[in-house]
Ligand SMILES: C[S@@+](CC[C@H](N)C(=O)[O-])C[C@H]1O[C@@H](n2cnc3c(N)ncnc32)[C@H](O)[C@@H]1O
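Below, in structure tokens: the form predicted on its own, a single chain.
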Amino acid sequence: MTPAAIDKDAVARNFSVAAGSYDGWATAQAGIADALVRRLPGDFVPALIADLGCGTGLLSGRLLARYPSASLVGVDLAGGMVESCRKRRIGGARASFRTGDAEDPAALPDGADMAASSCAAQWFSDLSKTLRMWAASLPAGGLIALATLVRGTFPELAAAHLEAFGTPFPGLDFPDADGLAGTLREAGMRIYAADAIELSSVHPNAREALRSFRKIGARVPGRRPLGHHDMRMLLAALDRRRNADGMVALTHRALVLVGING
């Protein structure tokens, strides 16, 4: 994977603004976090978990419920997301949350035996490098548990953009699922699970579907907004792709990847 240019200050601002509305709109993200927790090995009992790109704590809460004896440190670029976790007291005294960059080794909590991340890695500048860094920080037997959106996500939006303008949709450059497991193997990890999944969020119309991105903070920094005419064209093309229930679906394609160190 080629490292992408990501304006992390803008990402942090966008997600901080969306902290209050995120959980109400992030239905697919919640389902992806559930899928990741279901694929964790039954005999693994961590003492300290790092939730990297923790957001509002969708994954943190599930991991703390799964591992009632574990402590957790959540790290996120967006101060608004971190403050949301603190205000809700996710995990009580067992959890702490701080602002930081999951791609910065200095942000990793000392002594973690599990590095987990769900629906955050698509915002990283260099996911392969970051996974190798996480693997190097873990003890023997430590775990990386990753769920990330991958190439092929939002095919409805891609098709609508192609119909409306004749060009590919200029969204995030999602990672290629095939290369991620190889990255962990190269870092000395044994693959325990590598499953491709699909979940859809559904919306009453195209306008609400596109609004959902703003409500969770998922706006691509530096991308110029469409003008009114072009937006109407895109909305019309997306509305023509309603499903059998008359709803507009946005399909999230994710890789759920679990690797064991050593």
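Start at 1 with the first residue shown and count on from there. Bear in mind the structure is a predicted one, so any value in this text is a computation, not a measurement.
Another form, the form predicted together with this ligand, is not on view; read the next lines as being about it.
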### Site check Gly100, Ser118 and Phe124: each within 4.5 Å of this ligand in the predicted bound form by heavy atom
yes
### Task
Specify the contacting stretch among 200-208, 37-45, 229-237, 55-63, defined as having any heavy atom within 4.5 Å of this ligand in the predicted bound form.
55-63
### Task
May I ask you to choose, among Ala112, Ile90, Met81, Met189, the residue with a heavy atom within 4.5 Å of this ligand in the predicted bound form?
Met81
### Query
Pick from Leu180, Ala145, Leu157, Leu77: which residue has any heavy atom within 4.5 angstroms of this ligand in the predicted bound form?
Leu77
### Message
Please determine whether Leu250 contacts this ligand in the predicted bound form, using a 4.5 Å cut-off between heavy atoms.
### Response
no
### Message
My question is simply whether Val17 lines the interface with this ligand in the predicted bound form - judged by any non-hydrogen atom within 4.5 Å.
### Response
no
